[in-house]
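This document starts with one chain, in the form predicted alone, laid out as structure tokens.
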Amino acid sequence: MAAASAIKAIHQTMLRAAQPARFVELSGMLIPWVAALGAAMFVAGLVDGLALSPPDYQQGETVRIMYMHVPAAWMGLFVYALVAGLGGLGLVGGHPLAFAAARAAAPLGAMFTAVCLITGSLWGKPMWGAWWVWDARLTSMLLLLFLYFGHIALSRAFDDPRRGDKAAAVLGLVGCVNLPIVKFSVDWWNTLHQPASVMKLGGPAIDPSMLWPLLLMAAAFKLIFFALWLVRTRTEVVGARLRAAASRSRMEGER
């Protein structure tokens, strides 16, 4: 009984926080703290990864690209799953804040995915001798970027924003098929891309001197994303309220 009451209380709290006016208030309080913590962790991660961690015995100094490349790849996958989930929530529950949050997150996910592809190319040139190869991991990651672009375009392709949000949500859900392909492509096919070395059975295969700055950068990327996401979602909500108020004013003026 106590557990059920606690779950109900948490659910009601989440519903209240999801109300547009309440969200604007809460996000305004959270953004400075999340942004400051993310920036501090990013600087610490850069110093640790670029200056304090040792070079790799095979890759040399080139391994330092990993501290940007890997967290960006993780974020590209995480944000797309979030966008798809928010779109599904909007389709099922019809809550406008879910669609607004999905619209706000998609460009950020595209940014992280682009950073992943660019840094991967910078690493690939000295390691593979080519800026790009049609490797399964690289190709599926490029497809993820195009899915982001499709979501962004569809959400803005209709005069009725709700139609665009629904079309983008459907694309987001269908595109989830690509997420396990990105994740497990190195296990399912013979690829040039190295296999997983952090999230694997048996524990990470990376020395702690490299693992900790990598995890620090991953946490920094996550916090920076949440700060930017809150800012963009807040802007979407405020913009929608302003457009609704302007529309009501025009209708009253026509009367």
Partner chain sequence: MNAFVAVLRRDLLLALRDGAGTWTVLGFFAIAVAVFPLGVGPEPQVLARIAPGVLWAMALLAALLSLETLFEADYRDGSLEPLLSGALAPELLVLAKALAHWLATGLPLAIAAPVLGIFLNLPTEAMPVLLASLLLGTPVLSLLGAVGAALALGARRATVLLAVMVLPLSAPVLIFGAGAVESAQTGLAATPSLLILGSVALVALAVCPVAAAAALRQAVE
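Numbering follows the first chain given and starts at 1. Just so it is clear, the model here is predicted, and its values are computed rather than measured.
What follows is about the form predicted together with its partner chain, which we do not show.
Undergrad: So, in the predicted bound form, is Ala167 in contact with its partner chain at a 4.5 angstroms heavy atom limit?
TA: Because a heavy atom of Ala167 falls inside 4.5 Å of its partner chain in the predicted bound form, the answer is yes.
Undergrad: Any chance Ala81 has a heavy atom within 4.5 Å of its partner chain in the predicted bound form?
TA: Because no heavy atom of Ala81 falls inside 4.5 Å of its partner chain in the predicted bound form, the answer is no.
Undergrad: Does any heavy atom of Ala104 come within 4.5 Å of a heavy atom of its partner chain in the predicted bound form?
TA: Output for Ala104 is no: heavy atoms all beyond 4.5 Å of its partner chain.
Undergrad: Whether Ala98 contacts its partner chain in the predicted bound form should be assessed with a 4.5 Å heavy atom distance threshold; does it?
TA: Because no heavy atom of Ala98 falls inside 4.5 Å of its partner chain in the predicted bound form, the answer is no.
Undergrad: Even though its partner chain is not shown here, does it sit in the predicted bound form so that Ala130, Leu142 and Leu147 each have a heavy atom within 4.5 Å?
TA: Yes: Ala130, Leu142 and Leu147 each sit within 4.5 Å of its partner chain in the predicted bound form.
Undergrad: Within 4.5 Å, heavy atoms only, which of Ala72, Leu171, Val182, Ala110 is in contact with its partner chain in the predicted bound form?
TA: Of Ala72, Leu171, Val182, Ala110, the residue with a heavy atom within 4.5 Å of its partner chain in the predicted bound form is Leu171.
Undergrad: Just give me the residues of 152-171, first to last, that have a heavy atom within 4.5 Å of its partner chain in the predicted bound form.
TA: Ala153, Leu154, Arg156, Ala157, Phe158, Asp159, Arg163, Lys166, Ala167, Val170, Leu171, in sequence order.
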